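As a starting point, one isolated chain is supplied in structure tokens, in the form predicted on its own.
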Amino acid sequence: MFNHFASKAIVPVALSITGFVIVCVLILYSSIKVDFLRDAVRQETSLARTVVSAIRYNMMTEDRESLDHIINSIGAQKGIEHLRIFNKEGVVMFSSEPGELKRVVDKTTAGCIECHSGSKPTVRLGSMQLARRFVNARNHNVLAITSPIYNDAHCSAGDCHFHPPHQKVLGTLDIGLSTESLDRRLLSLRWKMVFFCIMVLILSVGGVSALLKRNLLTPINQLIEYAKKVSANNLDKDFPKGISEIETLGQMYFDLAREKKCAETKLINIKKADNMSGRKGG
């Protein structure tokens, strides 16, 4: 099967197109996935900043009851897996999960190690550095953001409590959102790209095969049939036309066949002449 010219012409082209399309689709999917993740991180960062702005007044007035109510209300919203605030020592002060209160956060985990990797905590990081993905205890995929709560003039000079001006970070808000929606979009995108890949392969391989058959394979088959006809001593110039190389081969084969026939005719005439000479001599 693979000894035929058609197989040798179409199979490598099909494999090349398949490999090229698959590589391009994988690169495109990876790029879109990164963009989706960046958009999700930006949205969650914006949400975290909104929550920090919403609770800042309650923190300055040390209204713990209202602050606890806000944290629980936001944490109960659909898609929010956890919401907690811990102080600069890493102790959870407020949380949508009551069991986490007063628990010390491990600073070597993702979301904390980015700031606490050095001898001194890093004050500011980019949103992508503050993001982390993991599977929580409920077996849910989570995208979490840790947003520092920075000190300002109202906090350092407030009447209710006092934070020195040199203390840059008062605490950290940690919010985690379910990635179910993002995962569904990525799954849908994967299936669409698989379908797109299959369609591209069918159309491209089918188109290339049709062009090869029309412009190359059919003329070659016609040349083969012409060669068989000429081999049967049916000499004519009705060789395949349209492709210069095929026409040249047809013309050459016709010329060779004609020269062969002429040589055979001469040989026959010579033999006849020899036979006649032999008879006369006898």
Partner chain sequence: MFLRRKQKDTQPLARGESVLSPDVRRQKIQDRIHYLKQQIYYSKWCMTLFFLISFGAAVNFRFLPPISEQAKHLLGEAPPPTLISVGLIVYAFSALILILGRMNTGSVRFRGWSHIGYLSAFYLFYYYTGLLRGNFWSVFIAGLTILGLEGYRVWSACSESIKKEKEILAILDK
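This is a predicted model, so every value here is computed, not measured. Numbering follows the first chain given and starts at 1.
Not on display, but discussed next: the form predicted in complex with its partner chain.
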Would S30 show up as a contact with its partner chain in the model of the complex if we use heavy atoms at 4.5 Å?
yes
Non-hydrogen atom contact I224 with its partner chain in the model of the complex at 4.5 angstroms
no
How about V23 - does it come within 4.5 Å of its partner chain in the model of the complex, if we only consider non-hydrogen atoms?
yes
Can you tell me if S16 lies within 4.5 angstroms of its partner chain in the model of the complex, counting non-hydrogen atoms only?
yes
